[in-house]
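First, one chain by itself: the form predicted on its own, in structure tokens.
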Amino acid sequence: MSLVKRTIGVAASVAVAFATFVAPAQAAPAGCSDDLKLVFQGALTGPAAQTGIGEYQGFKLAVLQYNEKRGSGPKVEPGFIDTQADPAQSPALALATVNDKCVIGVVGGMYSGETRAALPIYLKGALPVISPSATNATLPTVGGDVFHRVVANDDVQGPALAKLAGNQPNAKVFIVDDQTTYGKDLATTVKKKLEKAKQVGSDSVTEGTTNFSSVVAKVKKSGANTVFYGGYYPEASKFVKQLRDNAATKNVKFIAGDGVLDNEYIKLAKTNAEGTSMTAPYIPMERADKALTAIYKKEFGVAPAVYTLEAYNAAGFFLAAVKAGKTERLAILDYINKTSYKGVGQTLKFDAKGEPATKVMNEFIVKNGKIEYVGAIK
């Protein structure tokens, strides 16, 4: 059965869900008469699907391994809601998820905008959330006690990007953002942390932009030798190509955050992606555990992607709670808030805001058509 069609009913009957919102006092899945469900939220179709599928498959592998070894413990069904990473779609899907009494938690959302839009609903439903990749620094203020994330937020990534941009030879940096929750806030942090003398201009576009000619003209006029882009890989691939097509900007250094760190960026931008530097608070699965990587490749027929390991570990934390006998939402939430989980390549423990106790920030570069790990940014 195709990945897209196998929804296990989580996102069905959205209209009914709006009429039957579960009150917080009834949020625990005590009325569930079937298998427990753990749900992934992210993009499985649409322009951001490559990242979402990689995360979902890491999540799914963790659940499959749990079910194989669960013994007499409850079975957990791996479900998903396909938001296409769209903030407009995630609230209704989140509401349907909250109203499914068998759902014990959510691994997601994938991107910050869709996560922010869904969190108030998860909070009202007392449904615990662990995001593998949403980095906007303000998410804890929206998600309250139910929100957690595996990765360092943009208050860590932004300064790292500013350092990376500022360390370029004779740095003259032009800053561009896509006005999304993720891209705009990341660019704002870069502006705050990068020396003013090294900033030569800035501009904003909108998500979905295909024509960057006006921005390229501004980059040219500014005399920039470095461009930072706060946004995602579908637009970044177009932007970098148009920079390379212009004789005056073809040699600028292109720098971006984890929203661009995906093999799909190279596929779309082709040779124009060469030399792009990116940051991400993620650990490549192949660096953390070669044996697990081999299992993943055998199961799905592809190599792990960005945040595959983080989604695997996020699911693992939920499953550890189930193994410990926690099968209702509030009990699982209490377990996640008060304990730690030794995952693959990292131990997950959250502070009072749901932020990870241990923060990772790495640099990557596109070299010879592949994303290569450079090292930690400190």
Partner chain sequence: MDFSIVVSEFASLVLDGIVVGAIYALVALGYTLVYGVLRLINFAHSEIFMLGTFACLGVTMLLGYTGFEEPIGIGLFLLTFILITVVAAVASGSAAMLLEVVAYRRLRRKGANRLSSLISAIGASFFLVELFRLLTDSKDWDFPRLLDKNSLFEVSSAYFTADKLVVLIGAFGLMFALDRIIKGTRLGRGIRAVSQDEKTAVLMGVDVDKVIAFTFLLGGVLAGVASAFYMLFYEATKFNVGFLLGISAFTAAVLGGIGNIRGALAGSFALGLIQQFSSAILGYNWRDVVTFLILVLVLLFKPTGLFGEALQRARV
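Positions refer to the first chain, counted from 1. All of these numbers come straight from a predicted model, not from anything done at the bench.
This next part talks about the form predicted together with its partner chain, which is not shown.
Undergrad: Tell me, please, which stretch of 345-353, 41-49, 307-315, 324-332 lies within 4.5 angstroms of its partner chain in the predicted complex when heavy atoms are compared?
TA: Of the options, only 41-49 has residues within 4.5 Å of the partner.
Undergrad: Could you tell me which one of Leu123, Ile266, Ala288, Ala92 places a heavy atom within 4.5 Å of its partner chain in the predicted complex?
TA: None of the others qualify; the residue that does is Ile266.
Undergrad: Counting non-hydrogen atoms within 4.5 angstroms of its partner chain in the predicted complex, say which of Asp145, Asp155, Asp203, Asp185 makes the cut.
TA: Of the listed residues, the single hit is Asp203.
Undergrad: Going by a heavy atom distance of 4.5 Å, is Asn246 a contact of its partner chain in the predicted complex?
TA: Taking the distances in the predicted complex, the answer for Asn246 is yes, it comes within 4.5 Å of its partner chain.
Undergrad: Does Gly79 reach its partner chain in the predicted complex if we count a contact as any heavy atom within 4.5 Å?
TA: Because no heavy atom of Gly79 falls inside 4.5 Å of its partner chain in the predicted complex, the answer is no.
Undergrad: Does any part of Asn211 reach within 4.5 Å of its partner chain in the predicted complex? Heavy atoms only, please.
TA: Within the cut-off, so yes.
Undergrad: With a cut-off of 4.5 Å between heavy atoms, is Lys193 one of the residues that contacts its partner chain in the predicted complex?
TA: It does not: once its partner chain is placed as it appears in the predicted complex, Lys193 has no heavy atom within 4.5 Å of it.
Undergrad: Establish, in the predicted complex, whether Ser277, Lys370 and Lys378 all lie within 4.5 Å of its partner chain, using non-hydrogen atoms for the distance.
TA: No.
Undergrad: Just give me the residues of 324-342, first to last, that have a heavy atom within 4.5 Å of its partner chain in the predicted complex.
TA: Sequence-ordered list is empty.
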